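Just one chain is shown here, as structure tokens, and it is the form predicted on its own.
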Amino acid sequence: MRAMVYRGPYRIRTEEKDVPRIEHPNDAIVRVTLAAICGSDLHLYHGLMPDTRVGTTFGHEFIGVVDSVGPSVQSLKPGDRVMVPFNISCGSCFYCARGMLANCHNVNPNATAVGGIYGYSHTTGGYDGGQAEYVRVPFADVGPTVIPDWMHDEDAVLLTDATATGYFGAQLGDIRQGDVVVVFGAGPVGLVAAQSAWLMGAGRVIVVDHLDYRLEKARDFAHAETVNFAEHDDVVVHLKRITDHLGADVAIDCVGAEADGNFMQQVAGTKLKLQGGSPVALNWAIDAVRKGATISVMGAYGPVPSAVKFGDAMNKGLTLRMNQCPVKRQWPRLFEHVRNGHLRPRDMVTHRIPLEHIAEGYHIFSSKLDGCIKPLIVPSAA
């Protein structure tokens, strides 16, 4: 089969790999019909994620058709069209039983923190991802769900991570009626977080970024106010000024480890790798909210120390809430929002790229070229 293959930072190829096989009675093999490149994939592409091994196939957002199933699988059969959450979960461990599907203790040897994730290095279990013609799906009775007949494929693939994560970010913000919500980052997760904030009762939503085309999308897609941080000497002072000098009630960090805005932090976190990425957006969130506010962290950070203003967070009495999104737990409500037209994830899609051109797709997305917001990958498997 053809698959995206990692050959080192900034070096990926489309190569031939063996078709995955059933390794456990609970496995399924899915023929991928549509995948996506996520902003988190860029952390791997840029060499920021520990233990990303040469030969790995990325991709944790994908849908497809069941090709074969193991003898223990009961909920799926060959021919089913399925969407697969980016989390790999056993469904029965201590954490899965409590709804913490992103923290499953049985699917990752490094599960003292995160559980298993498709195509996201050996730090998250070493599973190959869906930027390929076929993918092995463990615990097939737990994760995958048959795509409803009414759902558009592009909505379905974006529900496997970006849309669910953005919605989860707004949920963790514990937004109350009339709250002022600031979203850092106008990528797909930030756009959905901003849109979801309205659904949860926000009275005002402000999106912060420095790319004009993404801020334009935030105004159009999420009907949010926008702030270009590059136009202000101190974006925190500006945010305080436009929020009655108190600060926002809720901030949602949808940027993570590669945040721009502070040259030294960016160099230390992304070039020298002295910390788990650049904490600029998170520190702005801590500074820009009022005392007693809530900060939701959806941005991905590496598993080493960061220069986060934790003392300021403590002294302001802030509540920080964060986790990888338990995708399948969000789906029942998200399905209703999509079906009723309250959310249209596919409106974020800007590029549809054949698998054989995936290296160019990563370059376009990484370099923010051609107005790229969300690129999809089309494997075209026979």
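Residue indices: 1-based, along the sequence shown. The model shown is predicted, which means the values in this text are computed figures rather than measured ones.
Keep in mind the form predicted together with a small molecule is missing from the figure; the text below concerns it.
> Where, among 72-80, 209-217, 128-136, 286-294, do residues come within 4.5 Å of the small molecule in the model of the complex by heavy atom distance?
Replying inline: Selected range: 209-217.
>> Is the small molecule in the model of the complex close enough to V32, S68 and P144 that every residue in that trio has a heavy atom within 4.5 angstroms of it?
In response: No.
> Applying a 4.5 Å heavy atom distance criterion, does K368 contact the small molecule in the model of the complex?
Replying inline: The answer is yes: K368 has a heavy atom within 4.5 Å of the small molecule.
> According to a 4.5 angstroms non-hydrogen atom cut-off, is Y118 in contact with the small molecule in the model of the complex?
Replying inline: Close contact is absent here: in the model of the complex, Y118 is far from the small molecule, nothing within 4.5 Å, heavy atoms only.
> Does F86 reach the small molecule in the model of the complex, with heavy atoms at most 4.5 Å apart?
Replying inline: Flag for F86 set to yes.
>> Is N323 near the small molecule? Define near as a heavy atom within 4.5 Å, in the model of the complex.
In response: Close contact exists here: in the model of the complex, N323 approaches the small molecule to within 4.5 Å, heavy atoms only.
> Which listed residue (I353, A313, L42, V338) meets the criterion of a heavy atom within 4.5 Å of the small molecule in the model of the complex?
Replying inline: That would be L42.
>> Just to be sure I understand the contacts: of A251, L158, V189, A197, which is the one whose heavy atoms reach within 4.5 angstroms of the small molecule in the model of the complex?
In response: That would be V189.
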